[in-house]
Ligand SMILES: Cc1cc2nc3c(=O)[nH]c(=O)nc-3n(C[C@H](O)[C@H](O)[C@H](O)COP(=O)(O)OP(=O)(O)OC[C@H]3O[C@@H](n4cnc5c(N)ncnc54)[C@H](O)[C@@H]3O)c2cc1C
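Take a look at this one chain, the form predicted on its own, written out in structure tokens.
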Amino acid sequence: MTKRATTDDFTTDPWWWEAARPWPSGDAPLPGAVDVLVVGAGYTGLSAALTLAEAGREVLVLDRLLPGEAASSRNAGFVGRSLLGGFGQMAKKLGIAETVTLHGGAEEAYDFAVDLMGRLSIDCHLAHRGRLLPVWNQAQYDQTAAEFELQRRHLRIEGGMLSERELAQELRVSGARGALLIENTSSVHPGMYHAGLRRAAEAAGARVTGGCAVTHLAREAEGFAVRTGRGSFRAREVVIATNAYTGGLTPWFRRRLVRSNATMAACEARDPALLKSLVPGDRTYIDYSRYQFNFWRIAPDAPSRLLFGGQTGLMFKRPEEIALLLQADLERIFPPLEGTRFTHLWSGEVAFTMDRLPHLGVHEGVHFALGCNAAGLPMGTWIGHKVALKLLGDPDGATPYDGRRFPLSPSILGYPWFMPLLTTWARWQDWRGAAARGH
């Protein structure tokens, strides 16, 4: 009998759409002219639109898909406070002082996003339960402990290392040596957060229109000529907030981003008591100690559902094939869930930069905020706000990432041709038991 990893009612829609499905905008004609055009209706674009609209600017947000249909409603909902790549590795390259400054931007992004949810009264299951990262051998434990201690001395990070015995009170897995617990991180329902952010931007006066791809953008003496599938107009200012979905409209930006798939799945309903026994801490979890990492959490709106993700970098595989690989990872981590199938499995595009830093500023008159590096919810919200402040001429728009060179990536037309090779290499490293150095 062929093993199956999907249920009969399986869908590739995100679990988050069960409570917050992206909705279409009206079909009113586009204006003949607009003060600010924002391209991209995800967290970054909506945050920029909100700030601009609250400042009295006339804002039009366009997206080729439904607003939020792309990465923002496919996000894992983890709200972290650090940069990708590791504090220690960055400090060796740039020095402690500069590294602290750069990580300070990530901490500010976390604070801004969480505060914004409160200011706007967005109901999105915001929970401050922290994040746990298991490790599987002594070498990984020692390396993780040293990295955390370095961060603790310089950043506002809270938590500590857990022994194997202490870990058993937080996460029931076999073979783990211990874990790092970061206490001051959060989680949300990403679909509900996006919906709340969209409503706030629209209430402030921004117009958000989906299903309207921008096909041409040309700089003129006093702004930009814009062409879309629904007509042409002029914009005084333009903000690009497309992150991993940056395409041929803005090739200069696309050549500087590395796109990758991240996949997440919702397990079929299981006994909530069983799931609670496996993850009694009910936090967010990331297994960074493997080269091909996994992440998971209990659904904030359904205690009978475990949401489980991973397989970043897989391409050209059918959802059912990816589901089988995810199922194998799930069974490795949680043997009691052997045979569990998935009702939902979805993918989203993530954008990385070569220096693992976000980039925002102005290029040839176009404002941009790009490169969230797998921290799209807090970082995207923050850099959207910051690029809007820059456009407004507000000195509070300054960030630690200003003026930095935006390096080219090895991608070809935005296609990361090397990602399948890296995925294969990562799986081989995991098979041979090599310890990852973090992400």
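Quick caveat: nothing in here was measured; it's all calculated off a predicted structure. In this text, residue numbers run from 1 along the sequence as written.
The same protein also has a form predicted in complex with this ligand, omitted here; what follows describes it.
Asker: Would you mind picking out the stretch of 72-80, 332-340, 176-184, 146-154 that comes within 4.5 angstroms of this ligand in the predicted complex, counting non-hydrogen atoms?
Answerer: Looking at the partner contacts, the answer comes out as 72-80.
Asker: May I ask you to check whether L326 falls inside a 4.5 Å heavy atom distance of this ligand in the predicted complex?
Answerer: No, no contact at 4.5 Å.
Asker: Could you tell me if P134 has a non-hydrogen atom within 4.5 Å of this ligand in the predicted complex?
Answerer: Residue-level check for P134: no, no contact with this ligand.
Asker: Does V350 make contact with this ligand in the predicted complex, using a 4.5 Å heavy atom cut-off?
Answerer: Yes, V350 is a contact residue.
Asker: Is L65 near this ligand? Define near as a heavy atom within 4.5 Å, in the predicted complex.
Answerer: Heavy-atom contact with this ligand at 4.5 Å: present for L65.
Asker: To verify the annotation, which of these, A168, A213, A302, L274, has a non-hydrogen atom within 4.5 Å of this ligand in the predicted complex?
Answerer: By the 4.5 Å heavy-atom cutoff, the listed residue in contact is A213.
Asker: Which pick from V226, A262, V238, A195 sits with a heavy atom within 4.5 Å of this ligand in the predicted complex?
Answerer: It is A262 that has a heavy atom within 4.5 Å of the partner.
Asker: Given a 4.5 Å distance limit between heavy atoms, list every residue of 26-64 close to this ligand in the predicted complex, or none if there are none.
Answerer: Stretch hits, in order: V39, G40, A41, G42, Y43, T44, G45, L62, D63, R64.
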